[in-house]
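One chain comes next, on its own, written as structure tokens: the form predicted on its own.
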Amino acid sequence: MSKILTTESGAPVADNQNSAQAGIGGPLLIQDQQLIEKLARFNRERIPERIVHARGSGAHGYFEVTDDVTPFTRAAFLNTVGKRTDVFLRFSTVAGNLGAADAVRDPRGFALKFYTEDGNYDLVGNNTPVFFIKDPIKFPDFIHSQKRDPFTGMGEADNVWDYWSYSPESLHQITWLFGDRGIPASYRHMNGYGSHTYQWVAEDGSAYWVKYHFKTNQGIRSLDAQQAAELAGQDPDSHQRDLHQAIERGIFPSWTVYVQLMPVNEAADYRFNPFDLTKVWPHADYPLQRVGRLVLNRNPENVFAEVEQAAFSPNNFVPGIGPSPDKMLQGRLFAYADAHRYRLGVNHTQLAINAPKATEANNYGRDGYSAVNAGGRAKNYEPNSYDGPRQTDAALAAPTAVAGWTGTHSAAQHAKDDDFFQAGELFRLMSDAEQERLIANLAGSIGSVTRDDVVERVLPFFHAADADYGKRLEAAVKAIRNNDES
């Protein structure tokens, strides 16, 4: 038997097909609660979309420990082989708005929420191990250059490459983005990375710097530029459709989870700055160590409630895991949570998708818009003598030694800290066919830039990374631009 339709106050609705009028054909009546309520709510259905990572998909699942990592971290959800922790994973594109197509050349967000017994742990990464910039003060400018131009209202290659021509540190990520993995065939067929450097702390107090790797068990599959353009036009929701339908059919995507671990005392003398988001740690230096597997096995019941309102913040740590001096991570520790306070309100952590599941939140935060956990009659201050929640006096992570003067500083230089070496190494790892496609993708983009000075500034970066890389790209760009001029 169907339920009775009601207003939001619970009163039954007599007629949901006809508005109340002053006689047949007369004006509508403001006393029509159902009409006013429906229209008022409809006007308020949308909330501010994310400035970045607006276009997203998500799924529930679990993380299972497969290997003993207790010598490296005391995190409770990692302390027993076979232990499972519920998770929610949100995939996304970075630059596109909420209605953008999925099959585009863009990094993919890989944001994972672990519902642990010590509270929620959020690991906010991408499908690339590096990023375009290394200091958060550059982030708004970088994103503005990738978004719609304020005058034309369109994405402009001139803006994209003008910014990059002043940011040689972006070259490593540019090489990733315009390579074969720049357009994943689906969210299931790509890797994920924590990207940032984090800290693990063991029970005995020993500390390690750590990087996370999620290797897809479906295999890597990507689209070339032509395939992506066709798919984006035919099915803008291609990645959402693929993920949703696979899980509905019982084909549960999974990833094997690895970490790279660096003892903290090795960071200062490592040849690369281990806290530079534009750099990787070569596996020959710090091999992958398996930790577990990630499985997605349940679709959201409501996309808005669970995917759009899912809020991830890299400052949500649990005992045994903490931050590093990575400048981009430090900026995101503030910016992500602040974005959700703006989009969803200060009580967004009380929403079902964001609230702890394996424990409960106990604190003295009160009130604000849409508070659903007002704390009842309990005292709203601390310390108190009313048996309220108390601090543990146990640090979540290990302290980090610092020295020097306050001020705006460039990062300390390590032996191989130039902006070009790792981009060149990535290029040289590619097969001839992969290099050809990379050159074609880059040349097509740079070749569409209208300003000669921008092109002249950016091409030397590729020469600095690898002589063959630069030579071939410059020739391809010149061929496109000469053809356009003829």
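Quick note: we count residues from 1 along the sequence shown, nothing fancier. Quick caveat, the model's predicted, so the values are computed rather than measured.
Only in words, not in the display: the form predicted in complex with ligand HEM, which the text now covers.
The site is open: after superposition of the local C-alphas, no atom of ligand HEM, taken in the predicted bound form, comes within 2.4 Å of this form's backbone or C-beta atoms. Of the residues given (Arg271, Arg298, Arg290, Arg343), Arg343 alone sits with a heavy atom within 4.5 Å of ligand HEM in the predicted bound form.
This chain is displayed alone, yet in the predicted bound form one of Lys211, Lys279, Arg188, Arg90 has a heavy atom within 4.5 Å of ligand HEM; that residue is Arg90.
Stretch-level contact check against ligand HEM in the predicted bound form with heavy atoms at 4.5 Å: of 70 to 78, 317 to 325, 228 to 236, 107 to 115, the positive one is 107 to 115. Ligand HEM in the predicted bound form is approached by Val52, whose closest heavy atom lies within 4.5 angstroms of it. When contacts are judged by a 4.5 Å heavy atom cut-off, Gly182 does not count as touching ligand HEM in the predicted bound form.
In the predicted bound form, Phe139 approaches ligand HEM with a heavy atom inside 4.5 Å. The closest heavy atom approach of Gly125 to ligand HEM in the predicted bound form falls within 4.5 Å.
Scanning 324 to 339 for heavy atoms within 4.5 Å of ligand HEM in the predicted bound form gives Met328, Arg332, Ala335, Tyr336, Ala339 in sequence order.
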